[in-house]
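Okay, here we've got a single chain as structure tokens, the form predicted on its own, with questions on binding and movement later.
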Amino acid sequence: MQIKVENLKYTYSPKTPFEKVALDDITFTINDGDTIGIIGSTGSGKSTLCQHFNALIRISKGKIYVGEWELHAKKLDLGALRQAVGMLFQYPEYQLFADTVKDDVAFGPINFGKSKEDADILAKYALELVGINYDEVAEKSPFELSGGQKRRVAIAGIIASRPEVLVLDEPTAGLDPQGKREILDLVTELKKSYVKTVIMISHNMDEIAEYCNRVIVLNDSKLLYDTTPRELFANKELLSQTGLQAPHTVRVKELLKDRGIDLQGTPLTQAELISLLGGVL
């Protein structure tokens, strides 16, 4: 499902002393199948942009096309749109609310018109898809689970409605390194077999480098770059304008260069860095 953003502008509290432009003339396209990172400093407009994709924030100026939907139209089937574009907010375990895991995950399908029986089937499938044993947790309170399990249940609650696009706002926030890896590997597996397009907000450049094929850089409400992670992280000048650090692999490469070991290329993962090292040692 393609997403086209054309000349999008959004202002908080317009015509008041608190007026703030959050998005200023933003134009880009997300292609079907992309795993795209949305990055930028705090307050650059990342979350505001992504909340437009399923009309949590309605368009005031500009246009957005999400597949067959024109989000700038006056009449919009919000239910169908939000079923197609699932959004997981930062710390999604705070979205858990039901008495049991089964009811929590089944809430989305029921809300979108599925019968209780069908919703329970979808909930079971979604939980097993994210690596949760349905029989073990179905009747448990979601608040009895570990942090990593809660995050997985929250993701299951989104994908139970079978979205084509998955929007993730800082999906690994608050997790330890192993938990971060597990969640991102899970998203990768979901994209192979279930979700077509992933949009991910992150401040972690290691995650962006390894998991995204494209990156949108916002800065002070404007679109600064629309490029690939390799092109962005290979260019110190481009990166310096974002206020963000390079991923660890690129920083290690620069440290080695300062010590007389000049690696060719821009390693985005540990495996690529090790491969480049193997060629010079």
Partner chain sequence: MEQIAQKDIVISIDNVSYDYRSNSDEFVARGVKGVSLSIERGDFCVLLGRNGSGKSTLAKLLNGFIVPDSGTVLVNGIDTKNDDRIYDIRSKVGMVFQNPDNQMVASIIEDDLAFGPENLGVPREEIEERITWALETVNMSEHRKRSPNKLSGGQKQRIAIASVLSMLPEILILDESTAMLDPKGRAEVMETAMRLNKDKGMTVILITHYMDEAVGADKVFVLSEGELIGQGTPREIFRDRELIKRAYLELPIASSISLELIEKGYDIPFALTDEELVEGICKLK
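Numbering follows the first chain given and starts at 1. What you see is a predicted model; the values in this text were computed from it and never measured. For the two forms, the rigid core is made up of the largest set of C-alpha atoms that agree within 1.5 Å on superposition.
In what follows, reference is made to the form predicted together with the partner chain, a form of this protein that is not presented.
Handout entry: is_contact(Arg251, the partner chain) in the predicted bound form, heavy atom dist at most 4.5 Å
Key = Flag for Arg251 set to yes.
Original post:
Looking in the predicted bound form, any heavy atom of Leu23 within 4.5 Å of the partner chain?
Top reply: Judged by the heavy-atom cut-off of 4.5 Å, Leu23 is well away from the partner chain in the predicted bound form.
Lys180 within 4.5 Å of the partner chain in the predicted bound form, heavy atoms = Looking in the predicted bound form, residue contacts with the partner chain include Lys180, since a heavy atom lies within 4.5 Å.
With a cut-off of 4.5 Å between heavy atoms, is Phe143 one of the residues that contacts the partner chain in the predicted bound form? Looking in the predicted bound form, residue contacts with the partner chain include Phe143, since a heavy atom lies within 4.5 Å.
| said: Only one of 49-57, 35-43, 64-72, 225-233 has heavy atoms within 4.5 Å of the partner chain in the predicted bound form; I'd like to know which. | reply: The contacting stretch here is 35-43.
Which residue, Glu189, Asp206, Asp103, Glu164, has a heavy atom that falls within 4.5 Å of the partner chain in the predicted bound form? Contact with the partner chain in the predicted bound form is made by Asp206 alone.
Within 4.5 Å of the partner chain in the predicted bound form, counting any non-hydrogen atom, which residues from 262-277 show up? The stretch touches the partner through Gln270, Leu273, Ile274, Leu277.
Note to self: Does Asp258 shift between the shown form and the other one by 2 angstroms or more at the C-alpha, the core having been superposed?
What the structure shows: After core superposition, the C-alpha of Asp258 moves 2 Å or more between the shown form and the other one.
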